[in-house]
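First comes one chain, alone, set out as structure tokens in the form predicted on its own.
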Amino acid sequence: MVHHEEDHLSPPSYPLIDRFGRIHTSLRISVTDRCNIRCTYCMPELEPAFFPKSELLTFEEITRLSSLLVDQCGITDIRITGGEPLVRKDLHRLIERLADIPKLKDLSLTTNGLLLKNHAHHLMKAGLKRINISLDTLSEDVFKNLTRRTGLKNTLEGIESAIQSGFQNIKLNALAIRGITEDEVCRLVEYASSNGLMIRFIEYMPLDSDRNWQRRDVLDGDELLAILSNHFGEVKEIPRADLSQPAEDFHVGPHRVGIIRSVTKPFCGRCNRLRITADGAVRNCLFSDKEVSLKTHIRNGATDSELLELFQECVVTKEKSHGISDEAFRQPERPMYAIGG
């Protein structure tokens, strides 16, 4: 793993600042839209439309874009997503390339954990710093109902493997869905604490490909805290060290829990994120109906300056908020798996 000294002397040449003054320093890169489960809140059960492999950005193309954004635009952290990123062959080779980028401060991965048992050691050795693992339930039956597949045991083994491989920063992410999470939340908190992990509950967002999301299905942050308080005792909010982070952290009895109120208390006003989809489009918001294609320009010989202009174009069009609570809100055409988590 390569360590880089922080460079205080060279501010970004092309900072990614939108018309509301938000400075973008965080990049999510999807490496595939494919996944080994079929979660109801993300993918269709049958025959999802995946990109042909030739349409995916290559590792070389991803590294070029990442290096450009870190070196010239002030991106400081990169998160690898999917789909399920671990289904992309030789992912650790990409991690090695990204870990070698000077001035990149943080490199992380979001995964469902099913394949993590066989990859955690290689990812650590390649230079990955942090892992977020999706874990909505500790019940095999609930897992099967949510994912339309089996595999909870694999995810739990993957979590254990990440711990044994030496990752010091592992977060568990659980969606908060009414009718499901009420019976899971306390057990998940106890599981996370017993393994020395942080758990965050994320309000259920309208990103499912089946378009079945309803506002009433969101188990909101206040309801979660009430359940936790009734079970564990007093809830105390922990002041945020980084205001750009979406999670509110709490001490709940002896435990520490994060809540991401993406629906009821969105953090759009301090959002610092951009996304690159697996097929090479840059998006300024999960819920945007606009995106700028990069892949075609790259493969047609675009210069670095031309690519930087495309990023600036995308940032400038970013809206003030995602608008989930607006009457005119419409889900994005792409479902979550085709955008990148």
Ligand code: SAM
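In this text, all values refer to a predicted model and were calculated from it rather than measured experimentally. We number the residues from 1 along the sequence you see.
There is another form of the same protein, the form predicted together with ligand SAM; it is not shown, and what comes next is about it.
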Quiz item: Does at least one non-hydrogen atom of Leu175 fall within 4.5 angstroms of ligand SAM in the predicted bound form?
Solution: yes
Practice problem: Flag Tyr41 as yes or no: does it have a non-hydrogen atom within 4.5 angstroms of any non-hydrogen atom of ligand SAM in the predicted bound form? | Solution: yes
Exercise. Indicate whether Tyr204 is a 4.5 Å heavy atom neighbour of ligand SAM in the predicted bound form.
Key: yes
Practice problem: Could you confirm whether Gly158 comes within 4.5 Å of ligand SAM in the predicted bound form, counting heavy atoms only? | Solution: no
Quiz item: Are all three residues Ile62, Ser67 and Gly280 in contact with ligand SAM in the predicted bound form, where contact means a non-hydrogen atom within 4.5 Å?
Solution: no
Quiz item: Which one, 242 to 250, 68 to 76, 226 to 234, 103 to 111, holds residues whose non-hydrogen atoms are within 4.5 Å of ligand SAM in the predicted bound form?
Solution: 103 to 111
Self-check item: Listed residue (Ser165, Thr137, Ser134, Asn154) with a non-hydrogen atom within 4.5 angstroms of ligand SAM in the predicted bound form
Solution: Ser134
Exercise. Residue by residue through 139 to 162, tell me which have a non-hydrogen atom within 4.5 angstroms of ligand SAM in the predicted bound form.
Key: none
